[in-house]
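In structure tokens, the next block holds one chain alone, the form predicted alone.
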Amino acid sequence: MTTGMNEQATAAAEPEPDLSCDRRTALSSAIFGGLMVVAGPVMIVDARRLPGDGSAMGPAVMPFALGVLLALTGFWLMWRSLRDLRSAVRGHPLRSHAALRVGGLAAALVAFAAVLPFIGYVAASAALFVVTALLLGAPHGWRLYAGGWALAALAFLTFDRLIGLTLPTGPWGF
């Protein structure tokens, strides 16, 4: 009898982790995984259409590999999300103005594609970074703008100068 009391006294009640998944998140992830499954083969077909340059690797190797990886990741994400959807529960309500934020993100992406040839990769990417971060709730401040500019400049230097993939340049040459 005393051992039972000792076991109860030593076994501290640990809070059980919340293993429930938000239904909206699981459904959104399943849809996104499905889009990835569709985009993967499209990317593979496009990669196979690229002309070879006679080298061992060729220009189609990287897009082909990314298409395969995209499709596999989409299958995994869709499978996992559909599995979680069975036990998912209703989560928190959407944040205020969530639909406006999503619309703003889509508009920012369209604006990025529209101004990219005119102002160049660095300026357009930095602006897209800042707008996206602000729409997602990042605090204002010089670090946000500096971070966006630095990230875009680093990506430009890596892809354009080191790898040799030509990115659009603006009137300033970057």
Partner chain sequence: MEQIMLLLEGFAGALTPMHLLWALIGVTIGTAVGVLPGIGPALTVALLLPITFRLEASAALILFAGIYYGGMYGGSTTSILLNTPGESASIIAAIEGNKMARAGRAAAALATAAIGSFVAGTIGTVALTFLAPAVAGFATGFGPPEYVALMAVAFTTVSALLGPNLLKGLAGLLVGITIGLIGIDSQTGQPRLVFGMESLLDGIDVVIVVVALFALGETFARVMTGIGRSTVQPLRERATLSRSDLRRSWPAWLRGTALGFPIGSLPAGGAEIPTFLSYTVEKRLSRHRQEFGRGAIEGVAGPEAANNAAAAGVLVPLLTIGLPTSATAAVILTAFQSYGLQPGPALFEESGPLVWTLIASLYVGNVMLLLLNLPLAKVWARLLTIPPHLIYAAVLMFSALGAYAAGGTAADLVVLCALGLLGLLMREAGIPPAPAVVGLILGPIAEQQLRRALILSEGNPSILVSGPITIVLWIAAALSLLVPVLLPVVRRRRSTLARAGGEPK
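Quick caveat, the model's predicted, so the values are computed rather than measured. We call the rigid core the largest set of C-alpha positions that still match within 1.5 Å between the two forms. Numbering follows the first chain given and starts at 1.
Keep in mind the form predicted in complex with the partner chain is missing from the figure; the text below concerns it.
Residue contact check for residue 157: none of its heavy atoms lie within 4.5 Å of the partner chain in the predicted bound form. The closest heavy atom approach of residue 168 to the partner chain in the predicted bound form falls within 4.5 Å. The shortest heavy atom separation between residue 62 and the partner chain in the predicted bound form is within 4.5 Å. Although the partner is absent here, residue 141 sits far enough away that none of its heavy atoms falls within 4.5 Å of the partner chain in the predicted bound form. Core-superposed comparison between the shown form and the other one: the Cα of residue 101 travels less than 2 Å. If you fit the rigid core between the shown form and the other one, you'll see the Cα of residue 29 move by 2 angstroms or more.
When the rigid core is held fixed, the Cα atom of residue 65 travels 2 angstroms or more between the shown form and the other one.
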